[in-house]
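Quick setup: one chain, the form predicted alone, written in structure tokens, and binding and motion questions come after.
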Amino acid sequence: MTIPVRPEGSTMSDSGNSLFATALDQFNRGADLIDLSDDLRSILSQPKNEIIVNFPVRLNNGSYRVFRGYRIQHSNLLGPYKGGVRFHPMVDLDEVKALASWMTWKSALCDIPFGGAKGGISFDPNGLEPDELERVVRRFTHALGSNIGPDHDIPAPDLGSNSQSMVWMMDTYSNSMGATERQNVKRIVTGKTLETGGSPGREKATGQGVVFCLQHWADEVDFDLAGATVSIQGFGNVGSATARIMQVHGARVVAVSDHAGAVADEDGIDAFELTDWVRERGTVAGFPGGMWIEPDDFWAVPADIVIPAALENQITAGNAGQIQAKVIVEAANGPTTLQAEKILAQREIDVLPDILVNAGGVVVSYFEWLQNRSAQRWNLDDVDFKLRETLWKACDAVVDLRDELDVTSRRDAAYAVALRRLQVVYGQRGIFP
């Protein structure tokens, strides 16, 4: 699949703030709600470790290219660092810092024993041959060395990477261990193929979690998802899985857009046929089961539910006023700018925040890690049941604290839940020395 290229400068919000500045603004709003101390604000406002590696890889033409990779470890207070590895030309330190902090809040919000981290390499994986890509992944893993580990920092797939990338990372890491330890380190990464120790349900986990959180919201506001209309921005792993699951639940996908185009059909787009089309061609462009529309017109398509499932900063002050929806469901990380969020609040459009909605991936990664640790294989029904139970409790906690604190923003309440849990642990453990 073609990797969407972020327009130059779009890592910046409407006001020109960096993505990490947006993450800090969200963090501070949640911290204000629970009166988080200045000391803990200072600690949690920056990652513990920022690792940058530059490593050479031989290409098939015989030349060498130096790649730059990042691993940002934000917090390990609650457990090992945990977070994906992103392969994209626009990966930079600011973006990875924001993504790593969001992983901390997701894990805390879902009450799983992980911290937050994120990694990435600045390149387009589609520009390399498969064997070249393998050498990049293996060399990156080797360059990280002891900065990752099955009980220290656990990578996972993200934009541009996949289960095969994780298998290469696992194999490279395991071959750096002694012979007696190689079978004990499968949990160094999650999101692996089933054959190499992955978990059932991991591939659809984020999309499945999106739907579970949406079901919780629908029950809360007495909204029937069956027959609801849905528009989805981004049709990669998360967007396509969400679309298929929503269709099974009786919803109609009326518009889909990606980096190359957009299609719409008020009678419904078949999510399964569109998934097959995108797998073969890398984009929704040209799909015969819908009407071609201009990408800028996507946001104005009437739909009950709008699901941004692509890159950050996609809902902006420029298009937030066009959205005709009851709820925005943030399947992507940081898809809504600060200014757009204010506009949506003024228009009384509900926003289900990213640190809750797309946490299904890290939750099922935790399940995979547990299965590897105990040499077990759960079935899909067990994984889905445990995922729903975990996310349902997180949704309940957000609603309860929102009512307790008398705030309207679900995002602020979600941050408050996560930060309160971290606050309690810091209070019990103290700060060494």
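All of these numbers come straight from a predicted model, not from anything done at the bench. The first residue of the sequence shown is number 1, and the count goes up from there.
Only in words, not in the display: the form predicted in complex with a small molecule, which the text now covers.
Looking at the small molecule in the predicted bound form, residues Lys82, Leu133 and Lys192 place no heavy atom within 4.5 Å of it. Interface residue remark: Leu311 is counted as part of the site for the small molecule in the predicted bound form, having a heavy atom within 4.5 Å. The closest heavy atom approach of Asn237 to the small molecule in the predicted bound form falls within 4.5 Å. For Asn333, a non-hydrogen atom is located within 4.5 Å of the small molecule in the predicted bound form, even though that partner is not displayed.
Using a 4.5 angstroms limit between non-hydrogen atoms, Leu159 touches the small molecule in the predicted bound form. Remark: of stretches 139 to 147, 165 to 173, 216 to 224, 237 to 245, the one touching the small molecule in the predicted bound form is 237 to 245 (heavy atom within 4.5 Å). Contact with the small molecule in the predicted bound form, judged by any heavy atom within 4.5 Å, is made by just one of Gln73, Thr104, Ser231, Asn358: Asn358.
Of the residues given (His259, Arg252, Lys97, Lys186), His259 alone sits with a heavy atom within 4.5 Å of the small molecule in the predicted bound form.
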